[in-house]
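Before any questions on binding or motion, here is one chain by itself as structure tokens, the form predicted alone.
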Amino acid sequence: MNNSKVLKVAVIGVGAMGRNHVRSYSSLHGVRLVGVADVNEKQGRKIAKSYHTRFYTRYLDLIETEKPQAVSIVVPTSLHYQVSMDCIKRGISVLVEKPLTSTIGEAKKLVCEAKKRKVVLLAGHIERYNPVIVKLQKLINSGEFGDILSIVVKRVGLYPPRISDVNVVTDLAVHDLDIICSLLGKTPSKIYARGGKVLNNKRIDHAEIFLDFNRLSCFIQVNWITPVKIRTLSITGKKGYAEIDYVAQKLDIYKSNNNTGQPAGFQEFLSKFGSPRKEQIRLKGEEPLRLELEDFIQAVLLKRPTLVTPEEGVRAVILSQAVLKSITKNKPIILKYP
């Protein structure tokens, strides 16, 4: 990242994900980490010492004393709105971990305030920066797969102990609700979801989500139950099929051999459908968080839009709330957007 200006940045919340923000900022050119804040003093001081910065137990003390120009907010979801608003009202640009806020109303207020103060507001939908999603988006836009017929997502694994105030929809499915809309360039008209509490009696730990886009449909499976971590997405179009693995940053494309209708016999059937042409797209492995922070910093310095817009952050909250409503009421939810 090349820029003559040095931006003062800070991190509020240095738990598991917050520590990664601190690490990444410390390795970026053109930024200076002026402080971190966390209610856990022992943990916060340790992080601050490791990265040669200042520690504060109160985030208001941090932003008033150090006056950062940009802040990562990596606190529990229930605190996103208040901490973000406190920063935005002081003219500080904000990257807040997904979801943007706990409620739709709060998300809209943040967007309005950020526009009023003319600061950057970025919802941390980190998977949008994953090289496999960036490449898949380009392929879709170029017409590689023709008309898209369906998208199927699996994002499963064991319950993360760090999660204390959200459910599996808010924590995991929100990624894919955002990604699917971004890939397709549209929003669903209807959502139907099922879910429940199997291993966790305090919050929903599994969900199966159906998104109706009228002429195409998408399915998302998320849970904190499966004993192996799986992060995959597959997309089917008239011209071909693709599979991605988020973790391995792997993208495989399968081209359709059938361009002439029904096969005349079994041998022609084998030639058309037995061995589809497969192409593995080689990608340069890059850390999505670093790419996200670079986008955020450049947006602040150059006063340009971020890859994920504030409105898309609001949209993700709207969709996740609709999923939870569908699970609770056990019925499809017709979506209305502002």
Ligand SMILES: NC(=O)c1ccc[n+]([C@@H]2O[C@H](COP(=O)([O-])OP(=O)(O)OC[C@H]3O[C@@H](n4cnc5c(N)ncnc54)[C@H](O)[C@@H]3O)[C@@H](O)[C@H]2O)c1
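These figures come from a predicted structure and were not determined experimentally. Heads up: residue numbers just count along the shown sequence, starting at 1.
Absent from the display: the form predicted in complex with the named molecule. The rest refers to it.
Heavy atoms within 4.5 Å of the named molecule in the predicted complex are found in one stretch of 184-192, 90-98, 136-144, 221-229, which is 90-98. Among heavy atoms of residue 171, some come within 4.5 Å of the named molecule in the predicted complex. At a distance threshold of 4.5 angstroms between non-hydrogen atoms, residue 26 is out of contact with the named molecule in the predicted complex. Contact annotation: residue 14 falls within 4.5 Å of the named molecule in the predicted complex, judged by heavy atom distances. Under a 4.5 angstroms non-hydrogen atom cutoff, the named molecule in the predicted complex lacks residue 237 among its neighbouring residues. Each of 18, 80 and 126 places at least one heavy atom within 4.5 Å of the named molecule in the predicted complex.
Checking 40, 65, 280, 50 for any heavy atom within 4.5 Å of the named molecule in the predicted complex turns up a single hit: 40. Proximity to the named molecule in the predicted complex, taken as a non-hydrogen atom within 4.5 angstroms, holds for one residue of 132, 156, 75, 151, which is 75.
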